[in-house]
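The form predicted alone is given below as one chain in structure tokens.
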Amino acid sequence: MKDAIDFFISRFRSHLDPPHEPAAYFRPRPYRNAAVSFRKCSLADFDERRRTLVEEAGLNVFLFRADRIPGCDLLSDSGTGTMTMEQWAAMLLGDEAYGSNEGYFELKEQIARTFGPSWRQRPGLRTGEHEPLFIFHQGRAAENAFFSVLARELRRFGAPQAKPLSGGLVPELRTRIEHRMRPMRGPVAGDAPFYVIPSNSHFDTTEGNIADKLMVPLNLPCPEHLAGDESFPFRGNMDLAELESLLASERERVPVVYLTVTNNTGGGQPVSMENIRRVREITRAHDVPFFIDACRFAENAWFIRRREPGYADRSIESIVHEMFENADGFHISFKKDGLANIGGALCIREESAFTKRFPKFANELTDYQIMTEGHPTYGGLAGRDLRAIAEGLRTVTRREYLDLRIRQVERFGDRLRRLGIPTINPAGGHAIYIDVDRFFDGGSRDEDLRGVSLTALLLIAGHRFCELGLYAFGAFDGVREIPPEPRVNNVRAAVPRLAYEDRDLLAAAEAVKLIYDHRDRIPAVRVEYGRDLKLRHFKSRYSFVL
């Protein structure tokens, strides 16, 4: 194995100047380049990337310098896209007043236009009423604020009485909840989690924010997704039977139900309108609030229009409005479908199951916002950023934009599949997910961390992917690795918006193919630091076992 890395570098070098492969294109892009940025490094600098990766970054893709990546940086699509000229122009008009700047009012109005008139502030707010929009500097800050205040509000009801889970739960679901509860303990001896926050699938920081407040993040992906049914068009759906079982048996444990659109942890898969409506019906029947994680709401609406009967002739805007009519609230990172480089928000209906259950929540949230983000009318953002977000929300529901965006991701996925790479299908809207277990012909073991090995080799090739599998979502109990339940073991290639052309992504696909063809030579990695930490994939350091 000593020559494993040298072998892969020699193969990467041999691919720098392949025979010309002509491509046929019949539809031009609906935009043209207005600015370009040349790389500060060369694709041929393989040895330098190896040195940087091993000596400086400890094989951690999050710690690798972005200016040393000559190919596609597919680590994340969050805040990494290219903004439009209209957004840059809007930023020049930014009002930087400390309180009640112009951009705040523009963003409030655009929220109502994008998500529906029911999210518009009612004129003439009276004492005790609140506006629906709470601004934060990014989505995870909104998540943290929401679950921090929620945990505080739940304590107002007094400490919950410790008791075992109900025998009425579906047995497999009960086992999963107990599996999640077992390693969770609070700072005080005897503290144990009581509350459960279910979702189709929580993403890493959402899960971390929930667990940090001693609540159990519970994933309820639909059976079709778990079965790997590639013919099912909405693999991001929530398992309705498990949700019904949970609320019927353990309603007092569930302060809110979450639905992520699209389902990032579940392979970027969309959620159907039917599933959204059924989640609303079930939560309403049990008087439990329903929130949406709306980071990729427009992409989800595009899939509903394309795949769900009855929506083919509907506009994206009207589909978005229908989606969010079902929710008591939502949180969003504007770094995704806000098309901006920064920003997040939490929106809560004034009259809803949530505010009925937590009447003091809005005031407490405003206090939290002021103490951590600044005045509510800028929420940790510059006034120019609010302008850029408002313009981004106007652009993101345009059909020509979404057609371009999602079909580019689909072409990338199609190329990988034609090359024989096992991926989650059908392709999602923002990323392609490589199935690590199938990549290694089922030979991957929980302790192998081969997803980390794959991302390290891809960085040497010049492209940055992200391991979102056994290491990112699993845990170490001091003796062995505990895989996530349900099992997730993927490497994600998240495509930034409006940043790359097809040839860039196809080059990344060829790098994956080269590694796949020689996967028996991929060296293992060991964890040198951080195995027992929370959110460990952001902080750990590894080394090759050569």
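On a predicted model such as this, the values are computed, not experimentally measured, just so you know. Residue numbers run from 1 along the displayed sequence.
We do not show the form predicted in complex with a small molecule, though everything after this point is about it.
Student: Which of 352, 76, 121, 110 has a heavy atom within 4.5 Å of the small molecule in the predicted bound form?
Tutor: Of the listed residues, the single hit is 76.
Student: Please identify the residue among 206, 455, 199, 300 with any heavy atom within 4.5 Å of the small molecule in the predicted bound form.
Tutor: Looking at 206, 455, 199, 300 one by one, just 206 meets the 4.5 Å heavy-atom criterion.
Student: Work out which of the listed stretches, 228 to 236, 280 to 288, 307 to 315, 134 to 142, brings a heavy atom within 4.5 angstroms of the small molecule in the predicted bound form.
Tutor: Residues of 134 to 142 come within 4.5 Å of the partner.
Student: Wondering, does residue 387 line up within 4.5 Å of the small molecule in the predicted bound form on heavy atoms?
Tutor: The answer is no: residue 387 has no heavy atom within 4.5 Å of the small molecule.
Student: So, residue 335 and the small molecule: in the predicted bound form, are they within 4.5 Å at any heavy atom pair?
Tutor: Residue 335: yes, in contact with the small molecule in the predicted bound form.
Student: Using heavy atoms and a 4.5 Å limit, would one call residue 296 a contact residue for the small molecule in the predicted bound form?
Tutor: Close contact exists here: in the predicted bound form, residue 296 approaches the small molecule to within 4.5 Å, heavy atoms only.
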